[in-house]
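This document opens with one chain alone, in C-alpha cells, the form predicted on its own.
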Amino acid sequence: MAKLSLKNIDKIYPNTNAKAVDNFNLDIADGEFVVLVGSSGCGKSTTLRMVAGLEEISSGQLFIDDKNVTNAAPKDRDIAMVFQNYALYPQMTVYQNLAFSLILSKQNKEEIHKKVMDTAEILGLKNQLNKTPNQLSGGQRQRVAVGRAIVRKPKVFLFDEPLSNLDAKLRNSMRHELKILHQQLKSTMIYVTHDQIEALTLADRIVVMSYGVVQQVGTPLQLYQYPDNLFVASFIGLPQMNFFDVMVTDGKLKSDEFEIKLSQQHIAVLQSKMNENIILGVRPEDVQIGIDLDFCVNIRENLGQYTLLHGTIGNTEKKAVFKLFGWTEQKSGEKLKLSFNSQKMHFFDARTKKAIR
C-alpha cells in the first residue's frame, strides 16, 4: 500500500501546443480507491499512464510514499497495471500467467506456488489453473489479468477501463468483485473509466476530467448532490440533469415555459443574480405530479421500479426527461402537470457555468 501525490502534472505531446493533461493536482491516501472519469479524450488514461511510467511527464512531479518517481522507470515504481484487453499470454496456462512475473524476479518455487494459490483462492480461479486463456470466459480472463497484478503485491494498482470489453451482466458482477477485492486487500487503487456507474459504485473519491482539466474531486455523494459546474452536473447522474434558462425576478424563477416561486433560502442564495439570467438544473428524479410545469409525454420507458418519461416542455420543443417512481401508464401525447422538488434545485451562472451556492 502507498500514498501518492501528483503535483502540477502536465502532458504536452511533441509538435503540439495543446495540453492533454493540464495542471493535474491530487493527493491519494494510502488504501484509497480513486476513480478518474470523463468522456473520451479527457486525459484520464494519459494521467494513469504517467503514474505507471508509460508516458513521460512533461512538467510537474509525482511522488509515491514521499519518494519522487517523476523520472523513475516503471519497474522502479512498484505498481501493477490491469489493461482493457487483458494482456494474457495465450500459450500459457492460468497458473503460468499468474506465476510469470514472479519467475522473472527469480523467487523460489515454493514462494511462487503459495502466492499463485493464494491469489487464485481470492479470485475464484483454483479450478481454472490448468486452462489456457482461450478456454476461459471474458470475466475469467479479466480475473486472471487482475490476478497477475495481485500476485506481485505492488504498492499501487492501476486499472485502465478493465471492464469495457465485458457484457453488461459480467460488468456488474466484476464491479462487485473489484469492490470486494479492494476491501480485502486494502490497497491503493486508481481506476480509469468513462462509465459513471462504475465511478459512483467503486470510488472512495471521483476525479471528473474534461479536456485535460480536473473539474471536481469529491466523494460520489458530493459530486451528485453538489456539482461544482454545469459539466459535472451533466456528467454525473443517469439520465442526466435537465437544464432550463430562467430569469430571477420578483422572488421567482421565470422562463417561457414556467414560473416558480422561490423560498427565502433560495432568494438569499440568488440575491446577487436578481433580474439576471441563470441556468436551473433539475435531476429527472426530483419531480412529482404538481402544478408548475406543463409536460407532454413523447416516449415512456417502464423499468419496473420507476418509469422514465421523455417529452417536451409546454408548447415548445424544449426536451426533458423525468423519472416517476413505480410503473406508470402515460401514453404518447398525454399532458401532465409537474412540480420540481424545491430542495433539490441546482443553479448555475449563465456565463461561467459555475454552481451558485
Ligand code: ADP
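From 1 onward, residues are counted along the sequence shown. Remember, it's a predicted structure, so these values are computed and weren't measured experimentally.
Heads up, the form predicted in complex with ligand ADP isn't pictured, but that's what we're talking about next.
When ligand ADP is superposed onto this form from its pose in the model of the complex, none of its atoms comes within 2.4 Å of a backbone or C-beta atom, and the site is therefore classed as open.
Among heavy atoms of M345, none comes within 4.5 Å of ligand ADP in the model of the complex.
The closest non-hydrogen atom of S40 lies within 4.5 Å of ligand ADP in the model of the complex.
Under a 4.5 angstroms non-hydrogen atom cutoff, ligand ADP in the model of the complex lacks T307 among its neighbouring residues. Interface membership of T46, defined by any non-hydrogen atom within 4.5 Å of ligand ADP in the model of the complex, is confirmed. Taken together, F100, I103 and Q107 are entirely out of contact with ligand ADP in the model of the complex: none brings a heavy atom within 4.5 Å. Counting a residue when any of its non-hydrogen atoms is within 4.5 Å of ligand ADP in the model of the complex, there are no hits in 305-341.
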